[in-house]
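As a starting point, one isolated chain is supplied in structure tokens, in the form predicted alone.
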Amino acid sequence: MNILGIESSCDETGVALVSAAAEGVPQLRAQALHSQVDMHQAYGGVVPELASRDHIRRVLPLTRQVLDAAACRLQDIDLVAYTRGPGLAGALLVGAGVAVALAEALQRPTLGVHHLEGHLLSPFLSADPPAFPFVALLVSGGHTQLMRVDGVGRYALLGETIDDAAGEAFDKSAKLLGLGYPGGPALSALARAGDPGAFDLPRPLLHKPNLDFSFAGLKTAVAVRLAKLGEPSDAQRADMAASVQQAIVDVLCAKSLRALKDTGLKRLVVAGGVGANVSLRARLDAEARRIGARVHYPEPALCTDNGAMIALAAAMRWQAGLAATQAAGAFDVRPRWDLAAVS
């Protein structure tokens, strides 16, 4: 089974080809990715209309690139998968439209995939794949959730952010510090030169006995402290960046460990763009060793949005007998879509 995956939910156009047998971990044959970071930098964030137009320009050349790299013909594709949601409506429609048109031309089925399910399953393409069941920390620019995962399509929400996601806290704090877009990586880079204990920043909901998150108050605290400083020195900016990162890592680690304790599981999967953060990985690895647990991550190249995770999710759904493909020529997108409702 050769599955072509197309990801276009936000500001990355990703295409990949995955091969899967009836059993065993699907294999990534080739992938290609185009990031729109340079285009959106001038605006300080993603401009949805520009994102959609760029997906239109990129998706077919990337598809040709992937097929060439995999030495695969169009006729060898058995299933075309695309990101159905959540994401930007216009951007999602580009990927969905191309996927359905291609499938119609080839007389092949299509499958709409949940974006977060792709992230959640992406560590199965790593050198150290997890095994079910596990707790998943989905942490990105738009989502921060803890899920119990008992198998493909068997997801139970344990906790989520009630306001800003962790990635938004990184990006908004970076903007307050005068850093460019995307802010998260820039803040993490600046944090390496700072003292994480220099500023006493809040850890919202840290001691609450639930698994929910809140990061809006952290961003507000950063704004207040920077306003008091007036014109912070380079050292103070680095200290603030380190303090912000430490506060976010503290909360993510504490809640993840609490989720492991509450569920009795000993395996944690971390996925999404923030999952690439070096400080977060180091802290989670150390805390997991302390309690005899394991942490699994996607390869760094698969932490960002990508086509490989979409093709993989479709392949694993097919293996599990859950690949309910759509009627010929029919498709829709779901800009808002609860992962816990996916089965």
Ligand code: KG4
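We number the residues from 1 along the sequence you see. This one's a predicted model, so the numbers in the text were calculated from it and none came from an experiment.
Below, we turn to the form predicted together with the ligand, even though it does not appear here.
Heavy atoms within 4.5 Å of the ligand in the predicted complex belong, among the stretches 147 to 155, 164 to 172, 260 to 268, 212 to 220, to residues of 164 to 172. The single contact residue among 204, 123, 112, 184, judged by any heavy atom lying within 4.5 Å of the ligand in the predicted complex, is 184. With the partner removed from view, the residue among 85, 194, 273, 159 that has a non-hydrogen atom within 4.5 Å of the ligand in the predicted complex turns out to be 273.
Contact check for residue 303: a non-hydrogen atom falls within 4.5 Å of the ligand in the predicted complex. Looking at residue 277, you'd find a heavy atom of it within 4.5 angstroms of the ligand in the predicted complex.
Taking the partner from elsewhere, residue 243 is found to have every heavy atom lying beyond 4.5 Å of the ligand in the predicted complex. Using a 4.5 angstroms threshold between heavy atoms, residue 142 counts as touching the ligand in the predicted complex. If you take 187 to 207 and check each residue for a heavy atom within 4.5 Å of the ligand in the predicted complex, you get just 188.
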